[in-house]
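One chain comes next, on its own, written as structure tokens: the form predicted on its own.
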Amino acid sequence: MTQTNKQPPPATPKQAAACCGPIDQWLDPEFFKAFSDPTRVSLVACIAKCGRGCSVGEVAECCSVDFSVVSRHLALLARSGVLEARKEGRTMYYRVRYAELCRSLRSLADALEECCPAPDSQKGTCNGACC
């Protein structure tokens, strides 16, 4: 993506922090917290590869973590928007929110690209602007 930018980039990190842009929206700490634990990453990968909603018990079978810990991890992933939770009777089912997750990751990539669309080959630095 090539960007024509009329504003000069901020001169300092303090000036950049004061500048609002799309990247501020997509760098969500709760979203990244969801992926900050290796067990949660494994659980998401397991459910994603399964391609359907899975019960907590089914998901717990794919890792060496106690059922209650798996349940807490899945609940956090649902609160962060990575998974969708559905209750049937006493059983909770979780599925990956594929479209929303893809949209969030693409939007983050686009926002990063707007900040720094291409490296300056002579200096090895970004030639992006305030995003």
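What you are looking at is a predicted structure, and each value in this text was computed from that prediction instead of being measured. A residue's number is simply how far along the shown sequence it sits, counting from 1.
The following text describes the form predicted together with the DNA, which does not appear among the structures shown.
In the predicted complex, the DNA lies farther than 4.5 Å from every heavy atom of residue 44. Shown alone here, residue 103 lies farther than 4.5 Å from the DNA in the predicted complex, counting heavy atoms only. By the criterion of a heavy atom within 4.5 Å, residue 81 is excluded from the residues contacting the DNA in the predicted complex. The DNA is not drawn, but in the predicted complex it has no heavy atom within 4.5 Å of residue 51. In sequence order, 37, 39, 40, 55, 56, 57, 64, 65, 66 are the residues of 35-66 having a heavy atom within 4.5 Å of the DNA in the predicted complex; the partner itself is omitted from this view.
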